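Just one chain is shown here, as structure tokens, and it is the form predicted alone.
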């Protein structure tokens, strides 16, 4: 790596390997589509939510960095910008979900709506046309925010002016509000409506909390990968990993708080259409996944990250962040898969029996992930890997707790 302009001096096979993995995974997944359509679309939705969540997390990190005028995270900003710039590709990868509406969402069937009064009341929102229009709006918002922020960052690299920082703040301040609304509605549309009889007013916050938590793990894991390749190893120091560790610890607690709040209020209210969500996840083997989620998504990272030494130990962080990414996949699996075969039924007896794990979960995860990583890497290495025009870079490079 050239320390003068922070760009790679030789090619890396990372992008090529990611692209090959992505194409192979998608091709294998297409084969699964012809074998079992319903299984394919549910597995695809799990994988898509995971990688889209990280992409959205990169956008949120970038906006948050500008709003609070953070110094320490400046050296990480080009990584988060490259993550968010995968948004156009993620929009294209949404197409299979649009195609599979009838396989995923019970409310999309006219005959089901005709015999269900609750679905009739929700038809003004839950309809195919509205679903697709809103999806277009979500991606338009996220892509526009990403491109505006990235352009301002590139302009800053060409020569710093105070107006660059002011522009980034002007985009991020209202942008983060619009982001919050859009990710909430997207979570309702794409995941919560899998069971149209169930609803939770804080489900959007739950979806965001898990996505942001996984993004922090991804940033840490990728920075550690660069460190192992002697890239940015002097720029991203133990001090930065320590702060990333504190954020991961904090949002481990936040995700748990939101998840427990949702459960407690539904348990206390004891309304049939609400409790059904947890009933489906506490029978036919799903109870073990639920317990595993509590232990793996909360207890293990919580009791590990609470120690200062862990947050400053690259070897432990490398293992822990891989575990966190895996657990976020489990969380989306837990959210999506119990609805397969349930068809929005108000009676738990009609729900899908069994966990429904398939090899397509691996191929879709690898397929979407490979394309995402290739896009992310290509963007990252095409420009300086840190924002060289930002005067706060020097502060970030010398950052100390």
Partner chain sequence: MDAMTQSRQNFDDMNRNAEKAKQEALRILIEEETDAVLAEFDNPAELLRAAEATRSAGYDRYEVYSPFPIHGMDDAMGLRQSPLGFLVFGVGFCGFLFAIWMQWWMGAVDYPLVFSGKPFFSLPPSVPIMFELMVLSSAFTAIIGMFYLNKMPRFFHPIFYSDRFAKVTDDGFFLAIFAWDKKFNVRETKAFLESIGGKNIELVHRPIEEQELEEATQTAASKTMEVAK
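Bear in mind that the values here come from a model prediction, so they are computed numbers and not experimental data. Residue numbers count along the first chain shown, from 1.
Omitted here: the form predicted together with its partner chain. The next part is about that form.
- A residue is said to contact a partner when one of its heavy atoms sits within 4.5 Å of a partner heavy atom; residue 264 meets this definition for its partner chain in the predicted bound form.
- Looking at residue 270, you'd find a heavy atom of it within 4.5 angstroms of its partner chain in the predicted bound form.
- In the predicted bound form, residue 161 stays away from its partner chain, with no heavy atom inside 4.5 Å.
- With a 4.5 Å cutoff on heavy atoms, residue 288 does not count as touching its partner chain in the predicted bound form; it lies far away.
- Of the residues 278, 136, 307, 125, just one reaches its partner chain in the predicted bound form with a heavy atom at 4.5 Å or closer; this is 307.
- The stretch in contact with its partner chain in the predicted bound form, judged by heavy atoms within 4.5 Å, is 298-306, chosen from 324-332, 196-204, 214-222, 298-306.
- Applying a 4.5 Å heavy atom cutoff to its partner chain in the predicted bound form picks out 400, 401 from 380-401, in order along the sequence.
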